[in-house]
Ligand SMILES: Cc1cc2nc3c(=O)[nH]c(=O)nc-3n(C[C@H](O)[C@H](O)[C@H](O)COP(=O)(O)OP(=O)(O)OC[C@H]3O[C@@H](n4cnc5c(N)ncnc54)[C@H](O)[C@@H]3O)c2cc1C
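Read the single chain below, which is given as structure tokens and is the form predicted on its own.
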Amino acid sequence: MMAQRNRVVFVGAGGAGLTAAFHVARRAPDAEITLFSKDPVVAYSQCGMPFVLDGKIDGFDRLIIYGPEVFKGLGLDVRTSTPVADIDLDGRAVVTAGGERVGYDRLVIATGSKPFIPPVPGADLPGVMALITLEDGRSLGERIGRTKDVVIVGGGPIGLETAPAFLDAGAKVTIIERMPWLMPSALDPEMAAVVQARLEQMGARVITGKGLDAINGSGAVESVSCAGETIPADLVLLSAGVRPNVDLAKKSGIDTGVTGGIVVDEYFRVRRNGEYLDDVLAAGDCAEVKSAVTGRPIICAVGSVANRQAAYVGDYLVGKKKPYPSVLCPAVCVIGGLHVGSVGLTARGCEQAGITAVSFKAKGLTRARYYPGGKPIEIKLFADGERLVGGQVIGEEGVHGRVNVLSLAIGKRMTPADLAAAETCYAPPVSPLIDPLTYAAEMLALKCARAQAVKGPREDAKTPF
């Protein structure tokens, strides 16, 4: 009797797809694994690209984590520069842009995200760029030294992380964010003001509360129009967020949800016409998942989340089925030496979720006040009146660790009092005796207790998780 084949095909070879493929290859050596990517290079760190541009990392090749010899050693058939044009769900096959038909027993869609292109005239002019792929990074790197006027459209992390590279190279940089403050999905206005002040101190011009009206030029970018003003530009960097790359999935009849991402269940199975498919999965930036705070669908376009999802997808593919939990999307970025982290909901997020939030903002130092080199750190915490639901941390050091603590606390449904009571370590070179996070949690617990004493406990103020 002929042995049953185990053909696993991945459409997309980024953080979710390639990591899941590695997982399967190491646990199911009999699997025939094929990955398709439209990009010429895979297995690199997207998050490192702004720091190559700024000279912190010596060249884009340093970002490449694995080469062809690793893929070959694991038995992976990685086909770069080979986009998939169609998925035949009934025939269990994918069709490349070149017309090759490749059958599968299980399929994983990991097509990632794509930059949001503002619907304005001139968005297709030469000189309008994004920073998504390694090729994008290399193209920007070629222009760093000869670009005089840069306009960054959108106040998202990638654009803001890239701004110092252009400033350091002597370019004039203007940042345009249509919302009234920078990083609106991650920060509240008073926290975003810290980021804006740093960028302005470095020499950037920041315009908030006004949108881009047009990109102008004859044959190439020459300027942009914003609220009646013409701003010179020989390069426009799009940083107005990303959208799930779901064109192929939608074309194939796979359901998408309210976020625009592919609908998946807790095992990452996709849905077609309301029915989940056992042999087709989707993960990464293209798939919507459930918020651990609100229970609502969200897109979490964060590399660490994609990597974590890949492990669950890999387990499913080798027969170890376990449900993926809801997510908090902790994130951190570094903008001109300023570390900016967040997790859970912002004030606007609480309002949109119908949560009456209680918040407290604290300032402190990262080391004992008498120890040299301590840096200011600002922390803002949110509770629903009972449990922690969000936090934001900004400083020049000690940010990512505190965000990770908050992620654990929110995920474990801790109250502010629980966090304030947690034991912490102390040494003057690394922390004050009372950590700023402990102080913020203690004061938030006090505010929550006072609010409950005045109004009494409210069931409708509690989060659904």
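All residue numbers refer to positions in the sequence shown, first residue = 1. Note that this is a predicted model, so its numbers are computed, not measured.
The next section is about a form of this same protein that is not shown, the form predicted together with this ligand.
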*Which listed residue (158, 377, 299, 345) meets the criterion of a heavy atom within 4.5 Å of this ligand in the predicted bound form?*
158
_Going by heavy atom distances of 4.5 angstroms or less, which of 128, 358, 131, 329 would be at the interface with this ligand in the predicted bound form?_
131
*Hey, in the predicted bound form, is residue 39 touching this ligand, heavy atoms inside 4.5 Å?*
yes
*Consider residue 245 of the chain shown here, and say whether it contacts this ligand in the predicted bound form, taking contact as heavy atoms within 4.5 Å.*
yes
*Decide whether residue 20 counts as a contact residue for this ligand in the predicted bound form under a heavy atom distance cut-off of 4.5 Å.*
no
*Does residue 111 reach this ligand in the predicted bound form, with heavy atoms at most 4.5 Å apart?*
yes
_The chain here is shown without this ligand. Which stretch in 198-206, 350-358, 283-291, 378-386 comes within 4.5 angstroms of it in the predicted bound form, by heavy atom distance?_
283-291
*Using a 4.5 Å cut-off on heavy atoms, which residues of 38-60 contact this ligand in the predicted bound form?*
38, 39, 46, 47, 49, 50
